[in-house]
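Presented below, as structure tokens, is a lone chain in the form predicted alone.
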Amino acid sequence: MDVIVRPTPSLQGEIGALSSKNYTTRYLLTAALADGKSTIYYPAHSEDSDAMRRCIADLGAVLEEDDEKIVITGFGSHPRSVKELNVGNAGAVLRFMMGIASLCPDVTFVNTYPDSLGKRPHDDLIDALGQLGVRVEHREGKLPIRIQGGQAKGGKIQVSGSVSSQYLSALLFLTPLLEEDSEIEVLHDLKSKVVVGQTLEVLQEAGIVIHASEDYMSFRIPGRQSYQPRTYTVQGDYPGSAAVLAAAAVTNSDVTIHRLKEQSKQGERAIVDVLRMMEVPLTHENDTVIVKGNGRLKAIEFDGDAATDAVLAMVAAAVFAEGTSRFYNVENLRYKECDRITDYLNELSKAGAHVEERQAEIIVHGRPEGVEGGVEINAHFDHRVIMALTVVGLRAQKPLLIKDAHHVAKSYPQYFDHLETLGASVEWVK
């Protein structure tokens, strides 16, 4: 389905942040890898987290869920043997499950999104699994991927971190379960280090011991460990909230978002600091952010590597800032559901924004007067692009029609409902 976003001069009201997709998928996995029952309070519901639910259930976990919590009886280090797993369009879930599938004799990950996840590379993880003695069949590093495991061995492993930190996280979930101790050396640069911090935080909560160097470039992992049943509480999600905060920043607003932890390890928490740098009036106290926007913003320069999933929302806000903004160290945006630099900027240009791209940079020449709009936008089936383009539509002079906007459900199914609650003018069309 498509959505029409109409110019909306002001937003007002309160919402609770949706639960973190990143933490939910990690807690679901650690609960499945434990022997016994774990409880997760306030788990996220999105296409990504539901893909993880589906995969761990296929591998033998028992899930019982109500409106507040999910109780999971895990399969420990012995997942059920299955022929196929379907992760939908969830890249992180695919990579984490490729690691766990190494405990199974023969699993094929099917390709149900050939135009999105089906185009994304996984070579670096495939190479690392090969070092563990796992045989992997693939098509130039892409789906469908067949993993013949069951005899994975620990030891010394090298993995590149230059494309995604998810390859490293996959190995960190797997290696504690192997018979041998393991050492992981990260080659090249490591993207999104802050997300590795989230993985380590969750593993520690699950009772797993990992010795990490301060720069996260080397790890020592004792083997023969067991995940422990635990009770977890999922914190609010900064990546999704970034778009709502940006929408409040570019309009006249009085918007309150609850459940955004001040000391969170989510790198996208930087959206609050970035909006402050842009001189947006806001407060962040008692896990609540209040934005009293006046539509006036100042340009900034920002290293986006630590806040990857909030950069598009920051760029959307910068479209209306006074001056030229620069977001650098963001090349890994090119390897997401779409090329989030070229594809996104092409659509912004259609709407009337003045933007430029470099290989690892986004440059925005702000237009405080607003953009023309009045066009049809292709969001490339990408939830982050959909949310960010919506922010631009609120300040356009004419409505924007965003194609296939239902793909926002990948991470934030309630996004448009929440915007409507705050007064945004949006309409679904077929």
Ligand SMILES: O=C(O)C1=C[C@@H](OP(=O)(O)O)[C@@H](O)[C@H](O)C1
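Please read all numbers here as calculations on a predicted model, not as lab measurements. Residue numbers run from 1 along the displayed sequence.
What follows is about the form predicted in complex with this ligand, which we do not show.
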Task: Per-stretch contact check against this ligand in the predicted bound form, the hit in 144-152, 187-195, 349-357, 295-303 (non-hydrogen atom, 4.5 angstroms) - done: 187-195
Open item on the list: Within 4.5 Å, heavy atoms only: does Leu178 come near this ligand in the predicted bound form?
Closed with: no
TODO: Considering only heavy atoms, tell me if Val136 and this ligand come within 4.5 Å of each other in the predicted bound form.
DONE: no
Task: is_contact(Ser325, this ligand) in the predicted bound form, heavy atom dist at most 4.5 Å - done: no
Open item on the list: Since only the chain is shown here, I'm wondering whether Lys336 would be in contact with this ligand in the predicted bound form (any heavy atom pair within 4.5 Å).
Closed with: yes
Task: Single option in Gln235, Thr308, Ser182, Thr251 placed near this ligand in the predicted bound form, where near means a heavy atom within 4.5 Å - done: Thr308
- [ ] Scan Leu260, Ala92, Val107, Leu171 and let me know which has any heavy atom within 4.5 Å of this ligand in the predicted bound form.
- [x] Ala92
Task: Partner contacts for 16-33, taking this ligand in the predicted bound form and a 4.5 Å heavy atom cut-off - done: Lys21, Asn22, Arg26
